[in-house]
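Shown here is one chain on its own, the form predicted on its own, set out as C-alpha cells.
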C-alpha cells in the first residue's frame, strides 16, 4: 500500500479541526467525510472532491469528536459544551441531544451493529453507553484504578478518559486514559476485564484490527503506537517513528496497515507485516488531530481513501489501491 496526495482544502474550518470520521455510503450516495472543529461547527464533505455539502452549527463550543452510525444515515458530534448532538446526515435534522456534566464528553463511537453509542466520560473515569433506539443511558462502565503505584499518581487527571473503541465483533470495548492505561470491558456483562499496560502518557486514540478482534492499536503522547493482544493482555509490538505526541490512529479496512497523525505535523503509514513506517506525509503545517480510512463499499468506489485533519484548519485526502 502506498498513499498519494489527492486533494487538500485549506481553511476547511474557521479554527482547528480536531475530529474526522467517514459516514458510510448508502444506496443513494457515496460515503461522506465528517469533520468537527473548534469553530463550533460540523461539516460534511464529498468523498473524492472534498466539496462541503453541509455545515451543522448546533454547538456553542468547539467540537471534539464525531461518530458515524454504520448505516450511514445518522451521525453524532460531541462538544466542549457537554452536549452530544445526534443528527440525520442527509437532512441535518436533530434526532437527539444527550447531555453530560462538564468535561464528560470526549471521544465516542457507535458499536458495529449500531445499537449502542459509547462515549468516553472524561473526568468521571467511565464510558457511558447510550441505546440508539430510544437514546437512553443504559450503562456506565467505571474504570478501576490500576494496581500498584504509578508515576502519574500525583496527576489529578490520572483517571480522565480520552478515547474509546469497539472490537469488530462488538463484544469488547477499550478505552484509553490520561495516565496511559487502557481498560478493556466485556460489554454484554458490563464487566471490566483488565488493563493493558505500556504507555506512560495519555492514550488519545484506539482502534481494533478489522481482521482480528483480539488486536488493538493505541496512540499515545509518549510518541509510540502500541499493538496489543487485548485478550491476552500482552504487548505485541511498540512502533516508534514520530518525534512527538501521536494523536490519532486508524486501521485500513483490509487490516494490512495503520495510519497515524501526530503533533510533529506528519501522517505516517505503517506496514503491519514489516511493523515499520513505510511512508511519511508532510501535508500539514500544524499538529494532525485525526486520521480516518474510508470504509469500503458505495457506488463507483474503485480505490481507498485516507483523510487527515489538523490544527492548521485544513483537510487532506489521500488515495491508495
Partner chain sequence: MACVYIPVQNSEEEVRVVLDQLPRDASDILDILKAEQAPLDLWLVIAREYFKQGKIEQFRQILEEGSSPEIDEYYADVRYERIAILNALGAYYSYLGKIETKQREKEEHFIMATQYYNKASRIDMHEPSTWVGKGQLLLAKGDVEQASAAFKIVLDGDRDNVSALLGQACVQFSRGRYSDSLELYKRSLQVYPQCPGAVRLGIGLCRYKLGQYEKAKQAFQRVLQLDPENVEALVALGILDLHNNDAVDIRRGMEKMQSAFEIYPYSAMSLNYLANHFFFTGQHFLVEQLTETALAVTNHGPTKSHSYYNLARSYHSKGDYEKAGLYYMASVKEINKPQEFVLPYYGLGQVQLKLGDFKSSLSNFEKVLEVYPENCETLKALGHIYIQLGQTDVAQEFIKKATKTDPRDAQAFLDLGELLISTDAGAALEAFRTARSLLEKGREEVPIELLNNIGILQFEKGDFKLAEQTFVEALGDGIWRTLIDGTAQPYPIDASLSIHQYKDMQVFHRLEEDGFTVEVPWNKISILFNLARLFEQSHNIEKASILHRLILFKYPDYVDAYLRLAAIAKARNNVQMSIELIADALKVDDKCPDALLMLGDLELKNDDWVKAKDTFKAAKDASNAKDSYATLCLGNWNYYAAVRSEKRAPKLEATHLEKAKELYTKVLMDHNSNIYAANGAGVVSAEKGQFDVSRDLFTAVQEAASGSVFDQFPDVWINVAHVEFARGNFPLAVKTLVAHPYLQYQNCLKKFYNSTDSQVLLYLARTHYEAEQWQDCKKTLLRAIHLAPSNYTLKFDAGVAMQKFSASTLQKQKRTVDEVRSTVSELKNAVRMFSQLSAASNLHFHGFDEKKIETHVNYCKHLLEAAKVHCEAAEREEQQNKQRIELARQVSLAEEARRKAEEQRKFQMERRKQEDELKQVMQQEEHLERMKVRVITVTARNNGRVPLLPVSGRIGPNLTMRRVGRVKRGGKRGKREERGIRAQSHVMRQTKQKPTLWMIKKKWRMKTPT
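These numbers come from a predicted model, not from an experiment. Residue numbers count along the first chain shown, from 1.
In what follows, reference is made to the form predicted together with the partner chain, a form of this protein that is not presented.
Quick one: in the predicted bound form, does every one of 41, 164 and 231 get a heavy atom within 4.5 Å of the partner chain?
No residue of the spot touches the partner chain in the predicted bound form.
Evaluate residue 265 for contact with the partner chain in the predicted bound form, applying a 4.5 angstroms cut-off between non-hydrogen atoms, and reply yes or no.
Residue 265: contacts the partner chain in the predicted bound form.
Please check if residue 82 has a heavy atom lying within 4.5 Å of any heavy atom of the partner chain in the predicted bound form.
Residue-level check for residue 82: yes, a contact with the partner chain.
At 4.5 Å between heavy atoms, is residue 160 in contact with the partner chain in the predicted bound form?
The answer is yes: residue 160 has a heavy atom within 4.5 Å of the partner chain.
Would you please decide whether residue 86 lies within 4.5 angstroms of the partner chain in the predicted bound form, comparing each non-hydrogen atom pair?
Contact check for residue 86: no, nothing within 4.5 Å of the partner chain in the predicted bound form.
With the partner removed from view, which of 133-141, 220-228, 165-173, 110-118 is the stretch that lies within 4.5 Å of the partner chain in the predicted bound form, judged by heavy atom distances?
Careful reading of the contacts points to 220-228.
Going through 192-211 from first to last, which residues have a non-hydrogen atom within 4.5 Å of the partner chain in the predicted bound form?
196, 197, 198, 199, 200, 201, 204, in sequence order.
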